[in-house]
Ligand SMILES: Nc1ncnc2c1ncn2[C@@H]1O[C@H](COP(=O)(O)OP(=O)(O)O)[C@@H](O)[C@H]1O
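Given next, in structure tokens, is a single chain: the form predicted on its own.
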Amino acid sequence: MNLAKFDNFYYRYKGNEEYALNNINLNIEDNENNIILLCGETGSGKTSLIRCMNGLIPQFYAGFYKGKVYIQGKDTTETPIADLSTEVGIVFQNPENQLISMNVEHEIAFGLENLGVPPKEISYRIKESASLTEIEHILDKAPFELSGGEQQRVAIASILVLEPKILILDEPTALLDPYMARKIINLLQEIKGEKNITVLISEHRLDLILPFTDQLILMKNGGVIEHGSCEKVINGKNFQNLRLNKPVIYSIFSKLKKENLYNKNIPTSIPEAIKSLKM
């Protein structure tokens, strides 16, 4: 079964004449345990695509749509958002906007309480999630007292306790300094391994995330133009032609290839680059 499947899906927001999503056909396989990078130019439809995956489009955002989106075989137009939240967990760009409780512990427990999970199970899941995200020391603090990086971790913890099949983050490093951004990316790597789930990240800071990416989804003008392994996609014309903040390593090796000084695949990390140059 596909974890997520878009079948000829179109969507435009109410009052807009142009489609935010155009004929999306996309399959994300279950049990792949991958980090998937969703990238594209500004306005390409990345956030709209994400909103489809937990039913916010079309159940919350008014507009016109046709086609289907399935999560674990469930039609997102017919399945309540609350039910989809146990399959798909989303952390939005500004985590402060989704933190609503008076302290961190209550924030993490909120979703579980609404699902009617027994108190003992809630307590266990809070401890497990807080340990994984390294926020045990701030459980009694109010979310507004926290730094941006801490808020991001709390938001992630509040999603992880619901045990989703896929964790989605919309530009998780956008409001963070380089040090905290790298810590969040390292945390996502740990989560992928510990929880054995698929992590889908929409991100512009490709230097940070590309070395850890298993798959790439490229978007342009509301459509998915390519989906495949990271190595294949970054060495293709679509990635080359998109107006993105390309990683430094990519730019260096692209120039070497143009000048016929290098004829292998472009590496995505410094260790890969060193290994490639030694061979």
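In this text, residue numbers run from 1 along the sequence as written. Because the structure is predicted, anything quoted here is derived from the model rather than measured.
Although it is not shown, the form predicted in complex with this ligand is what the next lines describe.
- Although the partner is absent here, Asp214 is not a contact residue: none of its heavy atoms lies within 4.5 angstroms of this ligand in the predicted complex.
- In the predicted complex, this ligand sits within 4.5 Å of a heavy atom belonging to Gly45.
- A residue is said to contact a partner when one of its heavy atoms sits within 4.5 Å of a partner heavy atom; Glu41 meets this definition for this ligand in the predicted complex.
- Using a 4.5 angstroms limit between non-hydrogen atoms, Tyr61 touches this ligand in the predicted complex.
- Annotation: in the predicted complex, residues Gln189, Arg205 and Leu210 none come within 4.5 Å of this ligand through any heavy atom.
- Although this ligand is not shown here, in the predicted complex the stretch 141-158 places no heavy atom of any residue within 4.5 Å of it.
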